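As structure tokens, one chain now follows by itself in the form predicted on its own.
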Amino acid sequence: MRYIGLLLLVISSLVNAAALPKNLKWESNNSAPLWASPAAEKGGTFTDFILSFPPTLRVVGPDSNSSFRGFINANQLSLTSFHPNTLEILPELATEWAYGKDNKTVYYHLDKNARWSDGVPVTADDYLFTMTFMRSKFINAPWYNNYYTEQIVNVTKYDDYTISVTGAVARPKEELHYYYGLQPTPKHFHTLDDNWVKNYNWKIEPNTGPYQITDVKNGKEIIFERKENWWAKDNRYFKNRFNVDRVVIKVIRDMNIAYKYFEKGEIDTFNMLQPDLWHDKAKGRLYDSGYIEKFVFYNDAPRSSSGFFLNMNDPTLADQNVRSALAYALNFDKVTQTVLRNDYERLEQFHSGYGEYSNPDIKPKPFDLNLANQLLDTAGWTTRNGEGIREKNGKPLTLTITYGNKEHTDRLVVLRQDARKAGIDIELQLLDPSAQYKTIMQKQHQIAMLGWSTGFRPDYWQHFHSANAHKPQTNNVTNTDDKEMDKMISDYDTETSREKRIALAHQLEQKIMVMGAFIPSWKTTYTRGAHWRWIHLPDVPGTKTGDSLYSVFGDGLLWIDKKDKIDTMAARKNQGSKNPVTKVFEQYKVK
């Protein structure tokens, strides 16, 4: 009877399995240039820090989009990835892929060696479950519910290791992998019910990547450990990467205190984009004696959409004249020349650094008090109180900026001073990063100061389509609700002509600028930092599209030289000296 049951199960699966189209042209890529160093060594503990403890370990649902989510997502592989220098498509959880004639569907052969952290094989059923999971009401994630219904419309299983993913609209081949790329979700781990959000708040989900969380010390630190027998460790593009054995992420709620930990050698690296760190603190004996080395690495990558996001559900900010007046009243150039030491540049538009997709004709609104005053007069804010703040119907023109990084206070103070000349009173609301994020996701802010992560192409739907307005837990934090823009976004998303898509992107950027709900702030065209001498990097220490030299999970290029660590500690103890090191890398500098 047992064998009859097995036979019936096999027959049932064959009957229910979809038929794979004939004449598919399967592709892979096992010859792209490598970017890791063959000199890399395994071992050691790498210590980093975050400014606040994450509100959850979930990566979807309420409070899940904190900065710590990046560490978790970096250990969940996708079907394919993009080469960080050439942008070629590379195999990851899939070994081969083929394209459907509809230009919407990609077929994948899955890697039969792929395993979850708990040793369970990754199969087609985990991709089917991703669709069930992301569409479920139980995860309380409307953005994902929508995206995995309206954008990714189907996943088909052909056998345990062959699937296809179909999107809503036709796209160029490389964009199919980006927009319709799919990560598996461990079906054996999740139970979807009314209690899912609460029950999975602190559960450690199995992953497919090189590291797994092994310890969570509430409010203090989170520890990852490298999987010694990781299924992909010998794959071509993973060799000589992900080198440290253990990663400790400490919670240090003040940047200045964190820097003191770094000076003691209790933190291995320190990102130093902030001018005061680079110019004022990154000097002295530790640097002069060569114990700590400094790097500047120019990249050629999309720039973060950083700036001020104005909530148009707020009655005051619903007026476009007020929004535009605020943009003209903010003196970004003064901040650049003073607080930022001319290290930063003004961000031009919401999507900057996307090549031809970025609109070369758009410039951010300059500081112009005459224009600010004219617009505020037009908006009816015509009188001023004894402090020079404009009033309307007895109400002062007071706007609150919510932000989550204490180091940004000096910038905001300068902006506030000049805004007062236009009669705008700006209040500063500094919150813990987790509290700031929660406030913004609940759409309870007036003005949010933040920056969004970048993508492969400009993405307007999540930030500006009305489907994501007037509801919590979506990325439309300006509550943009414009039917004309909705149509433009839909046209952009469905357009297959590259030239027409670029034209639509330019039009959308122009509309965003005119609307004024996003005021761009600053950008950098490089990453820079300092690290203890025992941290080693390849001869070219970063990648063209990389935004950090010290990512142990993403690019995963660094390693710890144990001998150098012993020597450096001994030299420091005995007042010894090494050669000081400051290196500047301009291979990928945008001319």
Partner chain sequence: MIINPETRKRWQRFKSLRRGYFSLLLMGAMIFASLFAELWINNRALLVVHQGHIYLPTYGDFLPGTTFGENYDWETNYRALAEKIKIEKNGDFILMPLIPYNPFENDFIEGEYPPYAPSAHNKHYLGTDTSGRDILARLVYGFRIAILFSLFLLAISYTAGISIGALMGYFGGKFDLITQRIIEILSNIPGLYVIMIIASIVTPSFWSLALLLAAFSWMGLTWYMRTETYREVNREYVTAAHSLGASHLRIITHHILPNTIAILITFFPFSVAAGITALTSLDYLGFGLPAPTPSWGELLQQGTDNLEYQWITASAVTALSLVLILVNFIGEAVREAFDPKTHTFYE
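Positions refer to the first chain, counted from 1. What you are looking at is a predicted structure, and each value in this text was computed from that prediction instead of being measured.
Separately, the form predicted in complex with the partner chain exists; it is not shown, and the next lines address it.
Enquirer: Each of 36, 70 and 137 having a non-hydrogen atom within 4.5 Å of the partner chain in the model of the complex: is that the case here?
Expert: No: none of 36, 70 and 137 comes within 4.5 Å of the partner chain in the model of the complex.
Enquirer: Identify which of 102, 280, 491, 361 has a heavy atom within 4.5 Å of the partner chain in the model of the complex; exactly one of them does.
Expert: Of 102, 280, 491, 361, the residue with a heavy atom within 4.5 Å of the partner chain in the model of the complex is 280.
Enquirer: Work out which of 409, 132, 496, 442 lies within 4.5 Å of the partner chain in the model of the complex, going by heavy atoms.
Expert: Checked against the cut-off, the match is 409.
Enquirer: Residue-level contact is defined here as any heavy atom of the residue lying within 4.5 Å of the partner chain in the model of the complex; does residue 315 satisfy this criterion?
Expert: Answer no; every heavy atom of residue 315 is more than 4.5 Å from the partner chain in the model of the complex.
Enquirer: Going by a heavy atom distance of 4.5 Å, is residue 431 a contact of the partner chain in the model of the complex?
Expert: Yes, residue 431 sits close enough to the partner chain in the model of the complex that at least one of its heavy atoms falls within 4.5 Å.
Enquirer: Residue 471: heavy atom within 4.5 Å of the partner chain in the model of the complex?
Expert: Taking the distances in the model of the complex, the answer for residue 471 is no, it never comes within 4.5 Å of the partner chain.
Enquirer: So, in the model of the complex, is residue 369 in contact with the partner chain at a 4.5 angstroms heavy atom limit?
Expert: Residue 369: contacts the partner chain in the model of the complex.
Enquirer: From the candidate stretches 286 to 294, 338 to 346, 166 to 174, 84 to 92, select the single one in contact with the partner chain in the model of the complex, where contact means a heavy atom within 4.5 Å.
Expert: Correct option: 338 to 346.
Enquirer: If we check the partner chain in the model of the complex, which of the residues in 566 to 591 reach within 4.5 angstroms of it by a non-hydrogen atom?
Expert: Not one residue comes within 4.5 Å of the partner.
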